[in-house]
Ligand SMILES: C[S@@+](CC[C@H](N)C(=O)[O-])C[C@H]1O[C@@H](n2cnc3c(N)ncnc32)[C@H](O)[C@@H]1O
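Single chain ahead, by itself, as structure tokens, in the form predicted on its own.
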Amino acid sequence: MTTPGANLTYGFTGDYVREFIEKESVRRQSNKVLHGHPSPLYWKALESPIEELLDERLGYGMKARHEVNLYVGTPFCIKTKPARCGFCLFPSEDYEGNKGVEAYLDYLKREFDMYKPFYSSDTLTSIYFGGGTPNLYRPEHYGRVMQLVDNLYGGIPSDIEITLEGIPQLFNEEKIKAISEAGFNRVSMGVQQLNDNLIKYSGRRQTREQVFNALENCHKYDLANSLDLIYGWPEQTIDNMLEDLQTAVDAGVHHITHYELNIAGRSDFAAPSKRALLPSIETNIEMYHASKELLLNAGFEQVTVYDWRRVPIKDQSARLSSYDYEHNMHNFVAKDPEASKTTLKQVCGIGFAAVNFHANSLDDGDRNWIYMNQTSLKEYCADIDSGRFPIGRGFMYSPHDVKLAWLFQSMQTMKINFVQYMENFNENLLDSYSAIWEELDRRNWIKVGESELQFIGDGQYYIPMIQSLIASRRLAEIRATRKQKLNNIDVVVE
């Protein structure tokens, strides 16, 4: 890929950077864990037929090795009040019973069959069943959904991570045993809160006892386990947050995702009446640093701003400390001078609201894209009934967008390897964003080493804001281009 010269600055000035940070650092932000470029708010209907893009992708496989993280989506969630637990912005449909699940699984099989000509030769590196709430399935369903994957790929590698997501109150021993026997080797539980008093704010009917019963069964059936815990709840203090974390550590949890309560859009906590109950941003920053200190002292390794894994002990299975699906994408370009091909890691998604991220090539003129399946179950089923791939909207990447997507993923790990960036994109990262790095250095938010730029101190907490800053000029460009096109003005953006 060829790019403009090393003096490119993307239009950032010191004044612009300072004003952006001063404005955004006092605002609550959303989607911190999965913050990618660009937001789905910028996606639209794809202009090229999906079959054309998938055929094109097969051709790119001759130039680069594609390693695939498979995501399988589930639409259903148990109703809560407030809706969607008060904070979730992911698409979902209300669970209405097993009849709806059976019907959905039939449609899911049909979509798997549609991808057979396009995905069957891919190299699988991880599988993640998400949603929604996949542990709404009955025990007999888990072997059935794994068989769909096996049929598509002609087998499933024995050494890859295979994760099932769910909520604590739906994991009983019969179900955990069936999950293990079907071939899953990791369970990710959306616990969010261990405090029986504070969980009321999400409308969930779950208890601490259910969480620890589920963990005990995971240990019994040798399933790696992960807990999602959220901080920044109404009435939550630093002390009861730390108590929850310590309790999870003592229960032998292998992975912990610990992130700030989502405040945005339609979420219940974005309402002014609920905002008044929330800890301040300053308190949330204290919570971030206090939780980090506890987990480091408890023998956990920080993998991203939000993700922690227990450092393996002697004779422990390496699988228990693995964290593959979430982190395979954090450097989705792997160039090896001794290899004949560059390795590009992709997400291939099947099912309701599933996302496909196809970074196919870094060569000029080649295309890269992302798209999402329908987020309405009715529309998803209607498309499949009509013989169409159930695609909702997507985004075609420019070369600049590919670089931004790579930066976003890398920044989740609290560092950027600028030597790797130069090898990938033939561009000097430190020069291109010099105004940003200078301001972050002034605030003691970064440290620059021989090959890496590391985010430190409050700079880690503010990574989502810094990602938004880095992409802000490009997003303004996209908005302006679309506005002009709506006015029937053809423009070319360099």
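In case it trips you up, residue 1 is the first one in the sequence shown, and so on. Not measured: the values here are computed from a predicted model.
Here the subject shifts to the form predicted in complex with the ligand, a form of this protein not shown in this document.
Although the partner is absent here, residue 228 lies within 4.5 Å of the ligand in the predicted complex, judged by heavy atoms.
Using a 4.5 Å cutoff between non-hydrogen atoms, residue 204 counts as a contact of the ligand in the predicted complex. The closest heavy atom approach of residue 262 to the ligand in the predicted complex falls within 4.5 Å.
In the predicted complex, the ligand stays beyond 4.5 Å of every heavy atom belonging to residue 126. Picking from 164 to 172, 414 to 422, 210 to 218, 327 to 335 the stretch near the ligand in the predicted complex, with a 4.5 Å limit on heavy atoms, gives 164 to 172.
Proximity to the ligand in the predicted complex, taken as a non-hydrogen atom within 4.5 angstroms, holds for one residue of 395, 87, 306, 153, which is 87. Of the candidates 322, 133, 368, 373, 133 is the one whose heavy atoms come within 4.5 Å of the ligand in the predicted complex; the others do not.
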